[in-house]
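The data below hold one chain only, encoded as structure tokens and taken in the form predicted on its own.
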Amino acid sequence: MMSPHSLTVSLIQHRCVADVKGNQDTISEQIANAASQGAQLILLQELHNSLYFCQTESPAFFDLAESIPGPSTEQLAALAKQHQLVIVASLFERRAAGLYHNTAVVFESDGSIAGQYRKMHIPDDPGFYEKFYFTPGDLGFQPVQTSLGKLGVLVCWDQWYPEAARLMTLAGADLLLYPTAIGWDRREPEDDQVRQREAWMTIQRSHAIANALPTLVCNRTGFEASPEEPEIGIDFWGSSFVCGPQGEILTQAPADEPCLLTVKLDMAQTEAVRRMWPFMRDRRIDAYTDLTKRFRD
């Protein structure tokens, strides 16, 4: 189980390229670097094996998907075992013909698969056409038990939903973790870009505060051109960060360059904060039934 005092975590923020092996080599090198810094837990960014293919709707991109277990899980499992650390990865899962998921896989330090989480909230916006590719998750909001504790793994668009973070917390999560792929359209006004990035950071820090849990967010960085219109695309804004249970920023990556973040978490803080701010005690669970409705007419 998790140490009652500290946990060293690393986030690997990098630029993705079209070559899957090139991305895997980058990840392998950075995992080794993180291990040398004493990391016990590694968080990778969303769909780290490839370029972000959801900018367009193309059946050809389904060829990027693979089964779990499969080649990528074998490679990551070997890295987890070699370096004796827990890895949270993000893969394009082929569950069956015509059935695909955006799936986070958690590897135990002995190389076994500790568990999975399938992305529950699936966006469908310009440049982020994920509903074309991914079936909504069916594993619920269940933390993955590891030797380091219970990991409340969520994925990207899930980060905007306080219900998801709360349900992970109610199921006993010790940490919240978000592999992410989010950025700007270069044609957007600069002030809009700033507001978007600040909103993205604020909502996730608020999940940390409301649940008194350390929160890890790992985002992509770099420009990725649209396959249909190479002159436009997404500038992924990086800015990966780790915050403590009161939303305090413990470490943060730059917006526009690769970065390996490593930080030590004081895991005793959750208990201390919840004693001071007893949000869990004061929840009015008798009054929340309308949360199961789409809208109150």
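Everything numeric here is computed off the predicted structure, so don't read it as measured data. Numbers follow the displayed sequence, beginning with 1.
Note that the form predicted in complex with another copy of the chain isn't included here; everything after this is about it.
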Sole residue of D110, E190, E74, E198 within 4.5 Å of another copy of the chain in the model of the complex, by heavy atom: E198
So which of G115, G222, P123, P227 gets a non-hydrogen atom within 4.5 Å of another copy of the chain in the model of the complex? P123
May I ask whether G172, W277 and K293 all come within 4.5 angstroms of another copy of the chain in the model of the complex, judged by heavy atoms? yes
Going by a heavy atom distance of 4.5 Å, is R205 a contact of another copy of the chain in the model of the complex? yes
Check whether G98 has any heavy atom within 4.5 Å of a heavy atom of another copy of the chain in the model of the complex, and answer yes or no. no
Quick check on Q142: any heavy atom within 4.5 Å of another copy of the chain in the model of the complex? yes
Just checking whether E29 would be counted as a contact of another copy of the chain in the model of the complex - the rule being heavy atoms within 4.5 angstroms. no
The stretch from 86 to 94, 161 to 169, 213 to 221, 102 to 110 that lies within 4.5 Å of another copy of the chain in the model of the complex, judged by heavy atoms, is 161 to 169
Which residues in 238 to 260 have a heavy atom within 4.5 Å of another copy of the chain in the model of the complex? Q246, E248
